[in-house]
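A single chain, nothing else alongside it, follows as structure tokens in the form predicted alone.
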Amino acid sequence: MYVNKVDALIIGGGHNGLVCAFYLARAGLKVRVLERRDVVGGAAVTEEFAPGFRNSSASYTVSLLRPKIIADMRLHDRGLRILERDLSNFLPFESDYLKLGGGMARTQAEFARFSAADAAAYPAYDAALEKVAKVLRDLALETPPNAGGGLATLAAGARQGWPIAKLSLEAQRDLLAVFTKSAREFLEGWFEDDRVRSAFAFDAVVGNYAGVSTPGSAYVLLHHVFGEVNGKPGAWGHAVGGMGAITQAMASACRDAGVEISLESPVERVLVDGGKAAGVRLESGEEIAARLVAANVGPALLYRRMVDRSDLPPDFRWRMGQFRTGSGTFRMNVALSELPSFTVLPGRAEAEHHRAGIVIAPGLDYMDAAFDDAKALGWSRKPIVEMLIPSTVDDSLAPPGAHVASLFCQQFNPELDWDSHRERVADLIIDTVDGHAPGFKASVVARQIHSPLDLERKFGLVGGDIFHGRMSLDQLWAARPVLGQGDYRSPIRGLYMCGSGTHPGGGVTGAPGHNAAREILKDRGLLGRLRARF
């Protein structure tokens, strides 16, 4: 029985769902957000996982969130503060280390310790990637042209393609290389030292169940550098209070705009009547009517589980069955009694490298071996680990003298029986860090484990996919999630997609929510008076 009819229902209270809800409510629609958990924010939440220890549970660092969305939702006015990293990354090797960041001259000096040629090449590499990244930034808030859309599609394609056409021939070649080459092939064209290559190759496997030698992995490298923090392109930072500070500020903006946010309201089914979305049925059995539904869940979850197969066109249904998910990510939070001391850079007194992204991925062969292991054994015997210790810049997260660390780990087969292996693999990850920082294992006083299966159960990330779907050329831009439905609309009238399974993809960007809201308002004839705001 239908109750509480609204203009728009948003499935999922993650950051993109909140962004979409905000823009729709601002345009005058009656909007209700349905979140399955007891806290709003999706995968961008801060939780206490041990007494006195709080941390970002899943997503853990900020850069890709679009400045326009921050401004429109007045997130800074609502208390959001983002602190930039003094140093981008610290990479410990067997007998040396590399620090990345702190300015061009400093990074060149670091590279020069390993290769004078690589130090000389770095400014050109950085400039080449920035030219390509700028194009992606500009496209992030655009709706991709939808295949089969006639003249309007051609016009949109020409308009969005124009910035690429204006690039120099050299930049167009770089763009082509990024989209088609492996990270190894791309980086070997720029740098000669494997340690220098490692500093950049790590980004190519973040959330990407692939090796650095896998064709197309260079794009994932680029996806992680098109962000900005406080107006600085390519920078990464920490949201004070954890990632939940972002979504709590967004929720505040939504409530002020009139959005109703319902927690512990898991959606079981999207209800379709006469080929049009009519509302949803909750797992409790309650049915809620709506003029439109926007889903901030991944395409695999939406079309394989929440929509009845009979409501989808056969070809689309088949293609959604082929939609690839599974990012090979294993995520942990640990409570620490003290800071780690690294063999190659000893000392437990807080230093700049403790405030950086600490990347254990010593070499391209190491990264490829991790992927090969995961395919053959289920997990990598020597995993790729990025550790952040946010309590070094935000003392609200841990008791005095103690710390919390995020361990973001790559190359774990999402199809494994993780209930049987999660503790063993968590021990392996701790041992991997301990191998570079002896005593780290003894300093761990509590831990929170999110295997790929835990990520699916807790956050609805099918296959543990942090991006809601593989970021490969066949699942990007107008083909995300599938060609012909790349404009945030589904084959069912009145059902829209507003999550990371749409353009521009994963990460805490807010762009899919923003763009989907624009298309919804366009369909409802409400965009004209708001056009200046989009």
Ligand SMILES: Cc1cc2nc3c(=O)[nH]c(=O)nc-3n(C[C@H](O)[C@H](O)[C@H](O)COP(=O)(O)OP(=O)(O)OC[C@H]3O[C@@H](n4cnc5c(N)ncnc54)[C@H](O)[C@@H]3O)c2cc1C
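From 1 onward, residues are counted along the sequence shown. Since the model is a prediction, treat every value here as computed from it, not as a measurement.
Separately, the form predicted together with the ligand exists; it is not shown, and the next lines address it.
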Leu461: touches the ligand in the predicted bound form, heavy atom cutoff 4.5 angstroms: yes
Proximity of Asp487 to the ligand in the predicted bound form, heavy atoms at 4.5 Å: no
Touches the ligand in the predicted bound form: Ser500 (any heavy atom, 4.5 Å): yes
4.5 angstroms heavy atom contact with the ligand in the predicted bound form for Ile11: yes
Option touching the ligand, based on a heavy atom within 4.5 Å in the predicted bound form, out of Arg66, Arg54, Arg26, Arg36: Arg36
Every residue of Gly17, Leu455 and Gly506 near the ligand in the predicted bound form, heavy atom within 4.5 Å: yes
The ligand in the predicted bound form: contacting segment from 307-315, 261-269, 178-186, 358-366, heavy atom within 4.5 Å: 261-269
Stretch 275-300: residues contacting the ligand in the predicted bound form, 4.5 Å heavy atom cut-off: Asn296, Val297
